[in-house]
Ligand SMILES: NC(=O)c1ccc[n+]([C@@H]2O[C@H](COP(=O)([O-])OP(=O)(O)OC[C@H]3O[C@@H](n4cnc5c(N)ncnc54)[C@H](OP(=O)(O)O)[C@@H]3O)[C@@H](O)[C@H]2O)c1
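Encoded as structure tokens, the following chain is the form predicted alone, with no partner shown.
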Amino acid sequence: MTPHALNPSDRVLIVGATGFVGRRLIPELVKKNVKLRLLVRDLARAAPLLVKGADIEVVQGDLVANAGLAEALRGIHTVYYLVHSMGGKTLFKNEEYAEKDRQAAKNFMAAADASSLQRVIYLGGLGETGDDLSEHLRSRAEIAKILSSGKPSATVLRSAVIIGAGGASYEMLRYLVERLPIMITPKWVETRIQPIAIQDVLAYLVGCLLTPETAGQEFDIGGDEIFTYVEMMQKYAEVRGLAKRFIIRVPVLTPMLSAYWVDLVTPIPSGIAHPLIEGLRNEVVCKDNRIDQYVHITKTSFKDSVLTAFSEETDGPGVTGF
């Protein structure tokens, strides 16, 4: 299906509206006078997301349970698909998240194909394909493939670590660097990464909606700076005015042991930390910058993204009064 450009009368659905990216995307779209609908499992969680004076509808539903999808998709032009399961509270729940994501995407596409939906915009993860891809990144790639298999035209954005208050990867970085002047880390922390500020992710998401030429395409998105994970931690310490961190690499620290360690010193549960840590072995760097031909933004530096994210924190290490 070739989508038509978004008209003022068209409505956009956000799936995953209460998540890290979704809740920030709502006010950005409201600024563009986009009419919205939110699909949420818990109506109470949607109440704080409603912007006064904005045209925002809320539908209760569940992708995994295949509930409320037809109602949510009725009359929708574009869907932002921002659903990501990172794992359970413990490592023992990790086996379930990929299957739940798979089933959710399949249920969504079945409902989408039966509707008049024009476009899907999906935020996935960077990472090479192949047998060595982490389970977390492999799942993201699989969801992108499912969402690209139906009648609506799919736009897939692939990003690495997103720097923003409340994001699991950023919070793990923040707590580790703030709390630990000496760290024992796996050898994978020498892997290269291209982080991106949450405000830049939002700009690309909005830009793709307003640029119909991005339909049916896949884009890598990232900031202007490439680090190893070690360099990123040291850069965070520098931005925060902390002393240089002593980071000791060891070859025997497994993702499971690392996850339990992260669970001890950060608020990130081991079940969420494990897929993130497992993914450290995969280089996550943009292979091209084609999206800049369609969506023009002024990219945020790593320093400014950290300063902005930290200014939004109300508790945690380094925050006054904690």
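None of these values were measured; they are calculated from a predicted model. The numbering used is simple: start at 1 and walk along the sequence shown.
Note that the form predicted in complex with the ligand isn't included here; everything after this is about it.
Participant: The ligand isn't shown here, but in the predicted bound form, which of 239-247, 175-183, 75-83, 208-216 has heavy atoms within 4.5 Å of it?
Facilitator: That would be 75-83.
Participant: Please determine whether each residue of Arg45, Gly124 and Ala160 possesses a non-hydrogen atom within 4.5 angstroms of the ligand in the predicted bound form.
Facilitator: Every listed residue reaches the ligand in the predicted bound form, so yes.
Participant: Considering Glu283, Asp55, Glu28, Asp62, which brings a non-hydrogen atom within 4.5 Å of the ligand in the predicted bound form?
Facilitator: It is Asp62 that has a heavy atom within 4.5 Å of the partner.
Participant: Of these, Ser115, Thr191, Gln234, Ser169, which has a heavy atom no more than 4.5 Å from the ligand in the predicted bound form?
Facilitator: After the contact test, the surviving option is Ser169.
Participant: Tell me, yes or no, whether Val21 is in contact with the ligand in the predicted bound form, where a contact means a heavy atom of each within 4.5 Å.
Facilitator: Within the cut-off, so yes.
Participant: Given that the ligand is not shown alongside this chain, does Lys32 nevertheless sit within 4.5 Å of it in the predicted bound form, heavy atom to heavy atom?
Facilitator: Lys32: no contact with the ligand in the predicted bound form.
Participant: Answer with yes or no whether Arg140 is in contact with the ligand in the predicted bound form, where contact means some heavy atom within 4.5 Å.
Facilitator: Close contact exists here: in the predicted bound form, Arg140 approaches the ligand to within 4.5 Å, heavy atoms only.
Participant: Do Ala17 and the ligand share at least one heavy atom pair within 4.5 Å in the predicted bound form?
Facilitator: Answer yes; at least one heavy atom of Ala17 falls within 4.5 Å of the ligand in the predicted bound form.
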